[in-house]
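One chain comes next, on its own, written out as structure tokens in the form predicted on its own.
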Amino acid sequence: MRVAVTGAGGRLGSALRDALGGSSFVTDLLAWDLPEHDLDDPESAERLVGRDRPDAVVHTAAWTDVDGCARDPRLAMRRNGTAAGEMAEACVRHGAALVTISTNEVFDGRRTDGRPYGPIDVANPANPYGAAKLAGEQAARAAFGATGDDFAGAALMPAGRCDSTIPPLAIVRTAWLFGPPGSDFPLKILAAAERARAEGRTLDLVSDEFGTPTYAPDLAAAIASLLAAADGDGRRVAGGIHQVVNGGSASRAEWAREVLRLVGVTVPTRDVPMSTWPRPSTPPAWAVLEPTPLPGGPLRDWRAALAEYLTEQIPTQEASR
């Protein structure tokens, strides 16, 4: 299989390059990124898909600055909605499968029954980022003719089975992605804890926003399994809406405290509501996703993934502080 990855230099794109680069079913891995692949260029997708003719495209490129999306909703829609549709249309024209990445923020987070959102629950974004990502989902489905209810629930089939009636489109929703490169939530919390300790003050942590921390290499491995399983059935991706997150859920405060515990940083903390820090975009308060079946089985608990990540990222001497 010849696979192209958009946003190849980003957090998920980098993890996918590692996961797919070592896969026996990938014969050629194409890394598309700026300036060659530009979400602001309406011709970019057609130019690249038409030139390189991949069997499958994993579209990770997006504008993930949630507050930036709230400040400029039109640009958010261009980059996260329209561009995803253009990629889908190019894939259909040239016979390529598509895996496009979406988010838990397609849901408004107002659920109060404690149940996670499933792939067939009605999406209702509460901010411009979520609205643009949902528009991208809808545009991709329209391009592939995947508009029926069967498509939304296809990922709920037993793991590894591929329904030949489902178009070769996978929408992968995920949440709270962490991992290299760059400064993610765990590293930001450690930096904030260091500042609080140096200034002799309490570290405030948001306690009323819930989701599932997801480790980028684990997500990348799961996406690779969706491609590999379908390839074995003569297809190029296990179609449907897949919700791929590490096991468990947490508040931002719980996630932060686990980071501090694992690294051995001691600083007084205090739970506060999201409203403590007014932002251009308010994230959904309850955005926990129900994981769908995967060919390789469910992803490990987020705490185990976080422990592995911090062991690799934080120098040994940090743990003694």
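This one's a predicted model, so the numbers in the text were calculated from it and none came from an experiment. Don't overthink the numbering: it's just position in the shown sequence, from 1.
Note that the form predicted in complex with a small molecule isn't included here; everything after this is about it.
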If we take heavy atoms and a 4.5 Å cut-off, which stretch out of 23 to 31, 60 to 68, 292 to 300, 264 to 272 is in contact with the small molecule in the predicted complex?
60 to 68
Consider Arg79 of the chain shown here, and say whether it contacts the small molecule in the predicted complex, taking contact as heavy atoms within 4.5 Å.
yes
Is Ala175 near the small molecule? Define near as a heavy atom within 4.5 Å, in the predicted complex.
yes
Taking heavy atoms and a 4.5 Å cut-off, does Ala8 contact the small molecule in the predicted complex?
yes
Against the small molecule in the predicted complex, would Ala19 count as a contact residue? Criterion: heavy atoms within 4.5 Å.
no
Of the options Gln243, Ser102, Asn246, Asn127, which one has a non-hydrogen atom that comes within 4.5 Å of the small molecule in the predicted complex?
Ser102
Name the residue from Leu39, Ala256, Ala56, Val288 that puts a heavy atom within 4.5 Å of the small molecule in the predicted complex.
Leu39
